[in-house]
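Presented as structure tokens, the chain that follows is alone, the form predicted alone.
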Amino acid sequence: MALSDYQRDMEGCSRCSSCKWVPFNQIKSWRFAKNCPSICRYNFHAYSGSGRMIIGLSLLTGRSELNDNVAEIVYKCQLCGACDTACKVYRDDIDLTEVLLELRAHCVEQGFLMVEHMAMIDALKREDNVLGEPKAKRGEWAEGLPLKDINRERCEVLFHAGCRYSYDPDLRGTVRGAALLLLEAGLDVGIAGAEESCCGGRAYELGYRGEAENYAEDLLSRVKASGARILVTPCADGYAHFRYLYPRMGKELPCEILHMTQLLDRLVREGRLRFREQFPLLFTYHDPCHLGRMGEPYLGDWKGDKLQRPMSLKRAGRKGVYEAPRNLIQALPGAGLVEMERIREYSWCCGAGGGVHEAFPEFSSWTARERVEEALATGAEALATACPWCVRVLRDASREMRAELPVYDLVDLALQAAGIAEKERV
């Protein structure tokens, strides 16, 4: 696709500003009524979904030219999808997120690049991860665990750790714990170890389409060779890209794709994993963008007038993963759940996505602090989530604010509740 393919979407934008707000019938207070971090932070229309639609149309029709200032506005966006979800409540013939992604690709094609993003792509090319860590160390998190090596043998369940879990030392126990939980349930689990690569989704979001396709092709070949019936990942970004981006690029994976919370929820309901330890805390849950509204499966592209597009092909954020994480919290003995005001498809972004964390760290941190404030307003004793990038920035924000709000990965909670919290931890 190209920016020109979305000309009618951009022309159809009525400048109503619904993209800036949680849909009105979902608003619970003025304080947490807005949905777009970019327009909230920079308070100028160009930074909204609608504003970027105007930019795209102006560039496409030759009324203005791309420059560094315009490109910076394009890049100061987490690509969280909140504007698209809100827009579709009123105008379901507009695919706002796709326009934002095409604007990124257009900037790259025209040579308007962010130095920080170029460093990420260079890291991908050198080490197959966006963090620039040594590829040879990618599988070190699994040392000592009885996991199969899919480079030499076949397995039933292929576990894809993802970049952040593979290298972030603070999350080392979490990713090991995820594998331990699967082994505890008696699953036949394999990993690629040092040969695992990035899913490529971040490259796509930054506008580097060719790199994204290369990584999709790599994983597709590994899944086929492994013979895996299920691919499971604890990374929300990877999950969204496997479910939506890969099939859209013609690289659909020949297996069931599950996020870790979905598989854990299934194992608990089947009685194959039991939660025994008490967890007497009141939690609130943060919906990761890529697990929630951006985690919808690929539904197929509609050719023709989008006003005639059937509901089954409209990606409106409602078919993401919302129940499984909440089921897990409610299954914790003694735990309670209280919801924030902006939840499910209307959740506020953690701030880490779309290359913002790397290129505009202050903006990323501001966004995360806003979410921590919303969590604190619930009266919850702890914040739980299900994405390594969310865990990273929300923990950092909580510390910066000196908030008494611990941030948990749901894998850690499940591990402790199952009574194997101290096994094989590093």
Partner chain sequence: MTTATLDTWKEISEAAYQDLENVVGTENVSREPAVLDGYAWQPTINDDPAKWVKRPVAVVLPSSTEEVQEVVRICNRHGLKFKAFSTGWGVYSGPTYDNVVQIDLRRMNRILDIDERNMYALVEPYVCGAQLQAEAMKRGLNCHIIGAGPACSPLASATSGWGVGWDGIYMSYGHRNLLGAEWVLPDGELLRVGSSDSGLGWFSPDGPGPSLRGLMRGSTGALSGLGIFTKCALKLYPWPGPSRVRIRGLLLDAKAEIPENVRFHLCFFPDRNRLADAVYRIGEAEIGYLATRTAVAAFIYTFAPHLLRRIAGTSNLRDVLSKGTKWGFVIMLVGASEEEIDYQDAVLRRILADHEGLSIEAMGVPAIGSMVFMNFFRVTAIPMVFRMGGLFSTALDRNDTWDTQLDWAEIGESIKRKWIERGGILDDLADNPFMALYESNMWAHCEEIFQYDARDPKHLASLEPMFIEFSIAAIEKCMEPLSATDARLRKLVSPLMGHYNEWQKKLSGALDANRAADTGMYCDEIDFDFSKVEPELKAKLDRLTEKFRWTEEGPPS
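What you see is a predicted model; the values in this text were computed from it and never measured. Residue numbers count along the first chain shown, from 1.
This next part talks about the form predicted together with its partner chain, which is not shown.
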Answer option from M401, L376, L57, A359, heavy atom within 4.5 Å of its partner chain in the predicted bound form
L57
Checking K135, R248, H106, R309 against its partner chain in the predicted bound form, the residue with a non-hydrogen atom inside 4.5 angstroms turns out to be R309
Candidate stretches 310-318, 171-179, 253-261, 211-219 - the one whose heavy atoms come within 4.5 Å of its partner chain in the predicted bound form:
310-318
Given that its partner chain is not shown alongside this chain, does S365 nevertheless sit within 4.5 Å of it in the predicted bound form, heavy atom to heavy atom?
no
Can you work out whether E184 and its partner chain are in contact in the predicted bound form, taking contact to mean some heavy atom pair no more than 4.5 Å apart?
no
With the cut-off set at 4.5 Å between non-hydrogen atoms, does K34 touch its partner chain in the predicted bound form?
yes
Classify E143 as contacting or not contacting its partner chain in the predicted bound form by the rule of any non-hydrogen atom within 4.5 angstroms, answering yes or no.
no
